[in-house]
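What follows is one chain in structure tokens, specifically the form predicted on its own.
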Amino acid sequence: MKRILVSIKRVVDYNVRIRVKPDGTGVITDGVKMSVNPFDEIALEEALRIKEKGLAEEVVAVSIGPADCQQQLRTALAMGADRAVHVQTDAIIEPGTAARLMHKLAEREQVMLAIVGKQAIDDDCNQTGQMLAALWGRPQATFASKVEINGDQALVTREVDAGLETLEIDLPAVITADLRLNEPRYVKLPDIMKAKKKPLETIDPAALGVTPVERLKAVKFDPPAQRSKGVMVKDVQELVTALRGKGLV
């Protein structure tokens, strides 16, 4: 079975203005719109395109988190995923835990490819894909901007500081999706209705032999400093004088 595993993380929608709780213990999520992590959405779109080319037989979406994550999994099913797996837990999920759970599922499902977003927009860790490849003992290609599947190999173009780099890796493998890999499709109402009938499995982390462990603790959250108003100057000389007064020139 040529199967692709895709991660789906529930995050605050990227259009929402983030507000920090008054006591600094986190960000306000009550009544806030939640969505699929944009990079995971791109990863899912790429998996669906690979399947539509006849190079894969099934796309499985996976989300780790509380019961509310099923909303995002239904979105993934509406986009075209064949089925979903929800690892339900209220524990804090760090990249290491997510990678271990994805590893167990990759082995259970016998996947040929695991595609994850390069990072989540809530913590920006950029670690899960790399950790998954290490645990799985399989090749990885990160920051992918183009993916081509050729038999038992994948040709991946990735974005690096110096430009573009092309890697040829053996499958099974792990690929992390970058912003320019594709543009996710728009979900239509008929697809949303069909998604309600697709299988969504709910399991506990213990069923996969993994116990979530919190290794890092956020001590305090602070909002970014407010921008000060700009200063109007009459001419270049006044601008230079003002910059010198601030020690900038």
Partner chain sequence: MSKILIVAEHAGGKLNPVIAKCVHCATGIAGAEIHLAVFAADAAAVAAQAAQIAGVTKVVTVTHAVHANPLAATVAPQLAELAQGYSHIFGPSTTFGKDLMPRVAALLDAPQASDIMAAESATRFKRPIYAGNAIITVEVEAGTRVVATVRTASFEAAGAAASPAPIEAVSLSAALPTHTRFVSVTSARSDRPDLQTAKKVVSGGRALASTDNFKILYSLADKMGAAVGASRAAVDAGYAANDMQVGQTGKIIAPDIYLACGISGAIQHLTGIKDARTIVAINKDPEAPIFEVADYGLVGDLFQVVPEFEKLISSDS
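Positions refer to the first chain, counted from 1. Treat the numbers as computed from the prediction; the structure is a model and nothing was measured. Under this definition, the rigid core comprises the largest set of C-alpha atoms superposing within 1.5 Å between the forms.
Just so it is clear, the following notes concern the form predicted together with the partner chain, a form of the same protein that is not shown.
- Although the partner is absent here, Gly137 lies within 4.5 Å of the partner chain in the predicted complex, judged by heavy atoms.
- The partner chain is not drawn, but in the predicted complex it has no heavy atom within 4.5 Å of Glu107.
- In the predicted complex, the partner chain sits beyond 4.5 Å of every heavy atom of Asp23.
- The closest non-hydrogen atom of His86 lies beyond 4.5 Å of the partner chain in the predicted complex.
- Figure note: of the listed segments 66 to 74, 209 to 217, 53 to 61, 188 to 196, the one touching the partner chain in the predicted complex, with heavy atoms no more than 4.5 Å away, is 209 to 217.
- In the predicted complex, the residues of 152 to 182 lying within 4.5 Å of the partner chain by at least one heavy atom are, in order, Gln153, Leu155, Arg158, Glu159, Val160, Asp161, Ala162, Gly163, Leu164, Glu165, Thr166, Leu167, Glu168, Ile169, Asp170, Leu179, Arg180.
- Annotation for Asp13: C-alpha shift under 2 angstroms between the shown form and the other one, rigid core superposed.
- Relative to the superposed rigid core, Gln237 undergoes a CA displacement of at least 2 Å between the shown form and the other one.
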